[in-house]
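In structure tokens, the next block holds one chain alone, the form predicted on its own.
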């Protein structure tokens, strides 16, 4: 969870009053935050935030704004945002994007901030916001990287282009010599930390002004001249680059609102793309892109256990900084420009709950008495594990997230072009931290084969199993996905055949008192003619067979390998004890 350092006096300024320590500690719960360390001799206070869905709170301005509004302050108005119906005038403030960036780092957002001379507290808070947003929310600068520049000594329009890494050079921060982009990746500390994000591209992102003076090498390092903001500067150019335009625009909005609260005037910038983007080819940033969300007061009342009218909901949402209006029992919420965490009416109900005050809920005794017990699937799973261990199998446990390479490409008997192969019914993480954890596994077998692939040194045979969860898309489900408990078996041995795995499955089902039969099946993961469906009560509950040689080669497995996979819940009706 993010931790921030802030000057207590600066926080008091944003709140509009000084809060006693006990009051501050109590009201920080509104932001799901707590004091990590009280202020030191320099007045620095350390706060730990426990909600990663609210990056707008990761700054003195954002935290102070939330506490001020919660305590009755006015919801701030920000008139500098462009919308679908109104685009702000930008004058000469333009960023022109190079077509070559489309496959490298395609998106950028920017604005100019003019205001009072920056003091040390404000500068530290801007730098901290930059670090927290780019590290936590921006996936260590991969999805969002932010640069701050001295706008009064640069010229528009700014060019965001794909540069030749060996032919493009400038003096970066913390250096006195000019370095090429490629040199920065290997020789500069920030290059060693973040250069890997763009190191594999033949051209790299580069920002320069109209006088062809370098601004930065995003997402790595700013220039030592235009990018060296100091105490006393009053005009700033702020840009954010990244790979996801949606979260880039939110990060831009957060920084713009923070600086506006600090007394700066925000001037929008027009971004001109030569290619299509989710927001269009011309985007004026900061841009308001949030959509209203509706909730019924009866829905909120049911979830929270208190009786609330639409007017109550509007008032409580106002304490959280959200503008809302009520018609009958329906409430329409317009999220603030710095928030984008309302994905479902339940999220709105949570804000109503916080606005109501956790201490204001009356404790109540439990109304229902229940006895905890294991689910039928868990009972059967434990019996299966006991039987398989008795049959000489070793239990394995794996992650539920993995890569497309393991879950799809390596399980294909015919090599496919990754860019063309469909991921079928696999569940993909929309915003993964790494391609190694991009998909929820659709099968247990890839996990077991990943273990077998590194076990050639061990004495054969290798009988292993896992009972774990898998997820697949399901249009009939409310969530669009379905989660199943799956038993996977893998047996690798020089003499492993279809009969080997069939005998193991047969024996397991016998000891579980389950009658099953088998019929020939076709499954591309297995050798044709050496694969069968497992049927219980006439329904297919699993598959087994000899794995295809190409699948084994994809995994680097040289030994004949057999496998089976069964859906645990489908075996339950046969269990007389359940």
Partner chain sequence: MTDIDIRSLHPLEIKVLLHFSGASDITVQEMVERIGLKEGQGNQVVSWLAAKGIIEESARTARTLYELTELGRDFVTNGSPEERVLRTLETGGPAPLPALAQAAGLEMRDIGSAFGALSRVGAVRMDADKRAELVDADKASWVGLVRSILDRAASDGILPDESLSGDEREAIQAIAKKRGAGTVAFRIVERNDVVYRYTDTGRAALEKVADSGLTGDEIGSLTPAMLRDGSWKKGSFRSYNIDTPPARLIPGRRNPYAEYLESVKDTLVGLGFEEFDGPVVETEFWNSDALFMPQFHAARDIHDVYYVAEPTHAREIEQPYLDQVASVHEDGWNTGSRGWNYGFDRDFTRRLILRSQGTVLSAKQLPAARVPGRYFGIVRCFRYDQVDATHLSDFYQTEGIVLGEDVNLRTLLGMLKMFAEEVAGATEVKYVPGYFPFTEPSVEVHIKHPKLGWFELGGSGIFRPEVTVPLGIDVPVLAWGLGIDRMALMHLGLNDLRELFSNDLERVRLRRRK
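Computed from a prediction, not measured in an experiment: that's the story for all the values here. Positions refer to the first chain, counted from 1.
One more form of this protein, predicted in complex with the partner chain, exists but is not displayed; see below.
Asks: Quick one: find which of 215-223, 280-288, 459-467, 193-201 has residues within 4.5 Å of the partner chain in the predicted complex by heavy atom distance.
Replies: Answer to the contact question: 459-467.
Asks: Would residue 115 sit within 4.5 Å of the partner chain in the predicted complex, counting heavy atoms only?
Replies: It does not: once the partner chain is placed as it appears in the predicted complex, residue 115 has no heavy atom within 4.5 Å of it.
Asks: Does at least one non-hydrogen atom of residue 432 fall within 4.5 angstroms of the partner chain in the predicted complex?
Replies: Output for residue 432 is yes: heavy atoms within 4.5 Å of the partner chain.
Asks: Tell me, yes or no, whether residue 550 is in contact with the partner chain in the predicted complex, where a contact means a heavy atom of each within 4.5 Å.
Replies: Output for residue 550 is no: heavy atoms all beyond 4.5 Å of the partner chain.
Asks: Hey, in the predicted complex, does residue 265 get a heavy atom within 4.5 angstroms of the partner chain?
Replies: No - in the predicted complex, heavy atoms of residue 265 and the partner chain never come within 4.5 Å of each other.
Asks: Of these, 393, 273, 206, 81, which has a heavy atom no more than 4.5 Å from the partner chain in the predicted complex?
Replies: Going through each option in turn, the one that passes is 393.
Asks: Sort through 325, 455, 403, 506 and report the residue having a heavy atom within 4.5 Å of the partner chain in the predicted complex.
Replies: The residue in contact is 455.
Asks: Taking the partner chain in the predicted complex, which residues of 304-340 have any heavy atom within 4.5 Å of it?
Replies: 304, 305, 306, 340 sit within 4.5 Å of the partner.
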